Ligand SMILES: Cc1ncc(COP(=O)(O)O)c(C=O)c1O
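This document starts with one chain, in the form predicted on its own, laid out as structure tokens.
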Amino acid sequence: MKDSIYLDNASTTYPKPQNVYDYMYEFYRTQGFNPGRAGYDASQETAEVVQGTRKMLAGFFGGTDPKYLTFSYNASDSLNMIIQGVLNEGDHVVTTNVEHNSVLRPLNHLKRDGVIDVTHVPMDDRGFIDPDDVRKAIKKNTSMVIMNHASNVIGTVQPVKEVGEVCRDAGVCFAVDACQTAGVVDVDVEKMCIDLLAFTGHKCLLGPTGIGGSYVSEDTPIRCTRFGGTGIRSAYRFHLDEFPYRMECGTLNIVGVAGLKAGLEWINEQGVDAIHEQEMKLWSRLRDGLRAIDGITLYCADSPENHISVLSFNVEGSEAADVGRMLDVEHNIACRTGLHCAPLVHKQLGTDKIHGTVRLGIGPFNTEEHIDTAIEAVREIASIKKIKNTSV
């Protein structure tokens, strides 16, 4: 990526803070042991890093007890455990049209197999879910409402707290996918009435790929869906029911945990609000620049309020994939095109019929120069397309 402009941070943040690279390298060279699986000091020191990171994340998300913060491969992994560990035959689930396939596909599998029924709440014209629509969708057999905190396509931050209050009043379990917000927008499981939270490490938490996790509020019923080694009580014939072991088995991705720890330390030093404010300044600059170009369509980008730094657009008369290819090959700008693993968003926008959108995702290391270069690149692409259309 040397000399390239990276604007695909909604997919994974790049680059990471330097302390993440340094700490992961040093940690794996000096503490790359199986945590807590043996009595020697080095193993116990590694376990302390894991437990310390567990405690940091639990506090970061407003949790009451670190043991309920569990690690996994990523948010998709955690969402599968949450969905399959909570739902039972005959249950009804309320979800939304702004969801990622990491929620939609597990639900679709269970629905296809006749286990559950699902209601999808649409977004409004600005890309937001109305909590009252969620309330109206809840039935007598509704056992879960599950939604993402912010859309990975249009960047709208959903009214999670208000939806959580609806669920709490109805006695329904509330699960939230915080993939796009954890690390850049405050998430508080207690204040937001969240029973189950899923997060990934490689996006706004600025860690590596292959690490994520969940927070399960105390007394939330969830079954163990994976079974294996825990390093303790090995003579017991079944997987342990207590947390964190209920949702963890086998050796953790310890270098991933270390990277997550370093990323979280960097975020705490900078401040979540400061990171978000800087990214949204760049988002507004990008939005205003693209909006001034003839032939550009922006999606749900009317206001930076309740938004993350993700912007989707199309160039009139062009396939999103072609625009993305031109940005890459001719302008050295990395972005994402297509349906972004969120087909219902595109279906409601109508962009499914034109193979999706071009998505630009701003991260903490982007600059005004990056944004201005991207604007001029899109302007050039749009003008070339306009000349070709005029000459036909």
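Counting begins at 1, following the sequence as shown. These numbers were taken from a predicted model, which means no experiment stands behind them.
One more form of this protein should be noted, the form predicted together with the ligand, which is absent from this view; the next part is about it.
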| query | finding |
| --- | --- |
| Heavy atom contact within 4.5 Å of the ligand in the model of the complex, the stretch among 137-145, 285-293, 160-168, 177-185 | 177-185 |
| Touches the ligand in the model of the complex: H202 (any heavy atom, 4.5 Å) | yes |
| Partner contact for S309 in the model of the complex: the ligand, 4.5 angstroms, heavy atom | no |
| is_contact(N74, the ligand) in the model of the complex, heavy atom dist at most 4.5 Å | yes |
| Distance check, S214 to the ligand in the model of the complex, heavy atom within 4.5 Å | no |
| Residue among N97, S102, N253, T230 with a heavy atom within 4.5 Å of the ligand in the model of the complex | S102 |
| Option touching the ligand, based on a heavy atom within 4.5 Å in the model of the complex, out of I194, A301, A150, I83 | A150 |
